[in-house]
Structures are given as structure tokens and as C-alpha cells.
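Take a look at this one chain, the form predicted on its own, written out in C-alpha cells.
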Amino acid sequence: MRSRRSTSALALSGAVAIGLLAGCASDDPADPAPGGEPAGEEKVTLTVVSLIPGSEQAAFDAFEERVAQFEERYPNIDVEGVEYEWRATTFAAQLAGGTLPDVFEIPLTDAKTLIENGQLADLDEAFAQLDYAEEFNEALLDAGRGEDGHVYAIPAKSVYGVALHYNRELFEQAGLDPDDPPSTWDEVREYAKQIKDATGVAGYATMATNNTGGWQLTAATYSRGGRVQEATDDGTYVATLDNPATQAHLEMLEAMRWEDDSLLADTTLDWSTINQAFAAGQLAMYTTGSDVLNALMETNGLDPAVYGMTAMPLEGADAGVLVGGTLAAVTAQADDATKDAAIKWIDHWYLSTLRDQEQAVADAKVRFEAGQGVGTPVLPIFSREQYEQELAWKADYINVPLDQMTGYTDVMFDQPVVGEPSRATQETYALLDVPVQAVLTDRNADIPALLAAANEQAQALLDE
């Protein structure tokens, strides 16, 4: 979500790749609070994000069970779940209009701007209640810090690397070996055409709207050794959307659309709708975060038996994998009691299942019984060792086909990783939606001109 990377991108990349910092949670998950002391008697109603709208009932049932566990532990806190899906096109209005729940989720890259704008609550005092507050991957935690050094948003959900996801059944129907997925972009194109010719189903699809087209075009750019933004020595940023790697990927998409007829020609696809289309068998391959299988199972009812995941093709010098993630934040208007309750919920819902054996097993059991994904590969919020320990705790409940994801898991800790653009992130993605949509709809799209125009606009944003 550069030939020279910004300091923040380098820090994120290195820390995620190496997996700095390790630690252990409280030995007793029944301790009254993260800081060891029970909350006061003041009654608090806390609204929190629950699941993506349209998720299956079993997923909501599993969420409610976790809420019940929390409320038993903290009887003075009533939790109300709110269906939520972060979208760049609606988030700002929701935040400004005060319609977000008390605890909500934001992309890793957006926290700094929201902090500067005074739109997130200062959680520093409440965050210090966590007995593992010093044990986060420091680069990830820094993404949610303000210039005052205080914590305003907390790494809470999975950190993902972008990967290539594919339908094993369509591979087999096209005479392709699903255990030997493509490892280069040329092979992606070849496989996509073979699938379309043999099955009539689009061999490949790309997101194209709501900033997601630009997000995945940026991921493809990184995989080809390019960058869409460079930091200079004086602290300013230079837009590089018109780099050769971005152009090469757009040319590939254009050829797949107009020469091969293997690319799904749908400009309405974003993260949610491309997941729907994939689960419905309308496309064979696409790129998105490594953690998407959970959503495919919980929201789209995908049978994991047909699912495969492999690494993004990496080609050329400085090629890398785009990494991103999710932070939990609290509305700026929250009072101290709400912030205190919010930290306890973040600890319970997001983090205790990563760090505490009893909580990890209990959560895995609930998810397993609800048919939700357990064991989907992600990058660690704390350390690689902690992540591997968590998987060992949950081993009896892992229900995702890890043997169908080895193309990714065999290299997930070894691939070079690159953080999302550090400045004007979502605006940059929005600008890159335009050339993606153009190559899907116009066989004569002028790719260099489109990128030059987008780059000029991006530079204007960076200069502000």
C-alpha cells in the first residue's frame, strides 16, 4: 500500500522481514485487565468494528461469542459491534461525520495524517496498561505514533505481504499443475490465456476502483523493481509514477485484455468485489494481501479446497513485495473511560490471541467451529518466533490448506519487502486507478501519457 526508499519505509521493511522483538503475554488470561488492575465500576458502552457487511452468520456468531467472553471478564463494559469495511472513498466522511464506532480500523499508512489532523485519540496512557507494550515490532508501532512520541493507533490486525492467489480447479481444468503456479509475470500471462482458452473463464483480474487499482498497480510496480515515490536527502518526495516498471505492467494488462482476451474487463472491481468474483469462480488469478483467505471463507463462502496462494513474481533489481497492515484506533472525542475500555478490547479481540496460549486456543476453537479460517499466513506483529509459537498453539484447529500455499510460505520471511508510499498514499493510489481503468476499456490507451499526467498530479500533492 523507490530506488531510494524513505526512512519509514526502510524501517518497516527491515523490521517486518527480520521479525524484531519477542515477548510473552500474561500467564493468566483471566487476569482482570491488561495492566493487572480491574476497571472501575463506571459503566461503559463501547462500539467496535465487528465484521465486513455480508459476512456469513457463523462468523457473526463467533464474534458474539468473543464479545461474551470479554463482557464476562469486564462486566462494566458493554460491547456493541458495528459492521465495517474501510473504504478510501467513504472513510473521511464517516470520520468527519462521527459515524464510526469508538474502535475502528485504518490502514498502516494513514495514521500519521490522521494524527496530524487531530482525528485520533491519544492512547498513550491507556496503551501503557499493556504488559507487552514494549514488545511490539517497533517499526510497526511507530506507524501509529505522533510527533509527540505518543501512541495514537496500535498494530492490531494482520500484517500482510501481497501475494498471487489462484483457483486450483480452474488450473486443473486448463491442464495446468496447481502445485506448480506461475513464478514470473510472463508465466502469469501464459497461464491466464491457457485458462481462458480452455475454460472460458478469465485467467486474471485486477482491482480497478476505490484506490485499489492503484494499490495493486503499485504492488506490481514494486515486484518489477520500480517505485512510485522517492525520498530525497532534504526530506522532500519526488513522484515517480511514470517509471518503466509501472508502464511495463500496464502494457501487460493491456495485452492480456486486448490481445489474449484473458483479463476480466471489469472496472468496478475493488477489494470486496474481486473477492466475490474469485469465490464465484469468475476468475482464476489475482493479487492481494496474503491474509485474504479469511475474508474469502467468512464473507464469500469459498471452499478452501479450491484455493491456492503463491509468491508475487519478483523481477529485476530492487524488486520487492508490498507490505501493509491494519491499525486499531479510537475516535478523537473518546473520554478516558472509553479509551481505557478500548485498550482492553484491542487486547482481547486483536492481540491476546497472538500472545497467550489459552486465548489463542480458545479463539481458534471458536473460529474453527464457525468455519472461519485458522492459520492463514501473515507477517508477525511481534516477532517471527512469537508468530510460530502462536501457530503451534493453534495446530489442532488449523483448517486452511497450508500445503496449497507453500509457494508463498516457503519464501514469506525471505522476500525483500517494501512499505507503501509514505506520502499522499491513498491519493497516489486514486491517481493510478485511472490508467488501470483506461487499459481495460480502451485498446488504444496511451499509457505513457496517462502516467505522465498522473505523475504531475502526484507531484503537486507531494509539494503541498
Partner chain sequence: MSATDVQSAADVVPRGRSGPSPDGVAARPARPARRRRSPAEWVRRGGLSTVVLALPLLVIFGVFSWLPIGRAVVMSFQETNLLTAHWVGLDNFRAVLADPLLPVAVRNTAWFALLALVFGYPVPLVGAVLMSTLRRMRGLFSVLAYLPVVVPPVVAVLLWKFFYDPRPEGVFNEILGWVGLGPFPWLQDQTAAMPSLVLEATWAAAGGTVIIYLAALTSVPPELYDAAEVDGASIWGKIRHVTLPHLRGVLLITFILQIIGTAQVFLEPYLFTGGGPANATVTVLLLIYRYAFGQSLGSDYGMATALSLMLAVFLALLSIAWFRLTRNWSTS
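Positions refer to the first chain, counted from 1. Because the structure is predicted, anything quoted here is derived from the model rather than measured.
The same protein also exists as the form predicted together with its partner chain; that form is not shown, yet it is the one meant from here on.
Legend entry - Full three-residue contact with its partner chain in the model of the complex, heavy atom 4.5 Å, for Leu170, Val306 and Thr406: Spot residues vs its partner chain: no contact at all.
Inset, instruction - Report yes if any heavy atom of Thr47 sits within 4.5 Å of a heavy atom of its partner chain in the model of the complex; otherwise report no. - result: So Thr47 does not count as contacting its partner chain.
Legend entry - Proximity of Thr89 to its partner chain in the model of the complex, heavy atoms at 4.5 Å: Residue-level check for Thr89: yes, a contact with its partner chain.
Legend entry - Interface membership of Asp266, its partner chain in the model of the complex, 4.5 Å heavy atom rule: Yes.
Inset, instruction - Give a yes/no on whether Val400 approaches its partner chain to within 4.5 Å in the model of the complex, heavy atoms considered. - result: Contact with its partner chain, no.
Inset, instruction - Can you check 156 to 164, 187 to 195, 221 to 229, 118 to 126 and let me know which stretch has heavy atoms within 4.5 Å of its partner chain in the model of the complex? - result: Within 4.5 Å of the partner lies stretch 118 to 126.
Legend entry - One residue of Ala430, Val417, Ala59, Met412 in contact with its partner chain, assessed in the model of the complex (non-hydrogen atom, 4.5 angstroms): After the contact test, the surviving option is Ala430.
Inset, instruction - Would you kindly say which of Thr209, Gln357, Asn76, Asn294 lies with a heavy atom within 4.5 Å of its partner chain in the model of the complex? - result: None of the others qualify; the residue that does is Thr209.
Inset, instruction - Give, in sequence order, every residue of 282 to 308 that has a heavy atom within 4.5 Å of its partner chain in the model of the complex, or say none if there are no such residues. - result: Stretch hits: a single one, Gln282.
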